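As structure tokens, one chain now follows by itself in the form predicted alone.
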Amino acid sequence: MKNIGVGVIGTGFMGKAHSIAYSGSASVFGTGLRPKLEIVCDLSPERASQRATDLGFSRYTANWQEVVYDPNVKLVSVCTPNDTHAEIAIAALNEGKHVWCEKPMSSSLSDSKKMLDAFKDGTAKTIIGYNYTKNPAVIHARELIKNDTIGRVAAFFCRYDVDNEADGKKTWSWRMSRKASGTGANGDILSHVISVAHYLVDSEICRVAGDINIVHTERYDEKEKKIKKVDNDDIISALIHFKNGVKGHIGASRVSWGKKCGFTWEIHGTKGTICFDQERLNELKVFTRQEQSSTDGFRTILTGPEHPFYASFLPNGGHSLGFMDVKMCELQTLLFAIEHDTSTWPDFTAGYYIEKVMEAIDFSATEGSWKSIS
């Protein structure tokens, strides 16, 4: 087994998730590249030091350049605020380092295009953290669709609602700023919806009609001790058309009380329907056309060792994987691609197109008209 040195930049929730995935991947998946936790970075030296101890890194730094230019680091995780992704990822790619970047790619389409150009100029592998497409249940759903289980896909519907910002008294943060975050619910959670839409429908969204709403227009900034305007979306929705002719609608909200991870989608086909709820991430609901009877209804498919990735974790079905396990599945696709020189999805090319869809929805909502994506 070969080692690959890794560095993680950013020690918030996603930085921790990446670090846990690196720590456990070799134990779970066995043969292949074994991540070696070289260096972790946080703007606070004290926090960086503590994270290095907690997560098992050899050393720490408060300077992200030390991670990117470290000769022992071959794979860089970018888990920082959105407006810093481009500079870090581009520097890493220019050094020939592989990049695992959290979504969205950046806070602007122009920065994302620079990231794409840096990726195309080199041979390094990239992947963006759309981990919901790496869930064994979702992968199985895609296989059912490809195997014609529900016939020709007729429509895609999806919502992702959370209550992270539902409390109007919650203080202002960088996530509520277009400059620092880009869009709000759009970039933070609708981006996941778009990734799953492209993955399951096996086609890209090409035309949108969007709508947005800012529910809490002002928030108090504790650092600056003043009220600030919220200038990105709390709620977003869109009618969508895919290149292959499928149509549907999608939406997201960061202010929906009671919704913790309200990510639900439905694929409607000419012979059946598949439904999924992220809060029950080990289950699929499937209905296929059949003769009328008193037992009509959806059946539940529980994930098990016959589904991709699952058997590496558990020998029996129904025991359930969790969020961190799925991040490990995401990492495994990247490590396999690095070792065997295969492609990843979504890499920066696919991720950039997702960004184009996000921007088109945002512009459509502002201008009140349909927008096409090319």
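Note that residue numbering begins at 1 and tracks the sequence as displayed. What you see is a predicted model, and the numbers here were worked out from it, not measured in a lab.
Unshown form predicted in complex with nicotinamide-adenine-dinucleotide (NAD); subsequent notes refer to it.
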- Note on the structure: Answer among 234 to 242, 110 to 118, 96 to 104, 136 to 144 for heavy atoms within 4.5 Å of nicotinamide-adenine-dinucleotide (NAD) in the model of the complex: the stretch 96 to 104
- Flag Phe323 as yes or no: does it have a non-hydrogen atom within 4.5 angstroms of any non-hydrogen atom of nicotinamide-adenine-dinucleotide (NAD) in the model of the complex? yes
- Check whether Asp42 has any heavy atom within 4.5 Å of a heavy atom of nicotinamide-adenine-dinucleotide (NAD) in the model of the complex, and answer yes or no. yes
- Task: Could you confirm whether Ile9 comes within 4.5 Å of nicotinamide-adenine-dinucleotide (NAD) in the model of the complex, counting heavy atoms only?
- Result: yes
- Task: Answer yes if any heavy atom of Val255 is within 4.5 Å of a heavy atom of nicotinamide-adenine-dinucleotide (NAD) in the model of the complex; otherwise answer no.
- Result: no
- Note: exactly one of Asn82, Ser195, Asn282, Thr183 sits with a heavy atom within 4.5 Å of nicotinamide-adenine-dinucleotide (NAD) in the model of the complex, namely Asn82
- Message: Whether Met14, Gly129 and Arg175 jointly form a contact site for nicotinamide-adenine-dinucleotide (NAD) in the model of the complex is the question; each needs a heavy atom within 4.5 Å.
- Response: yes
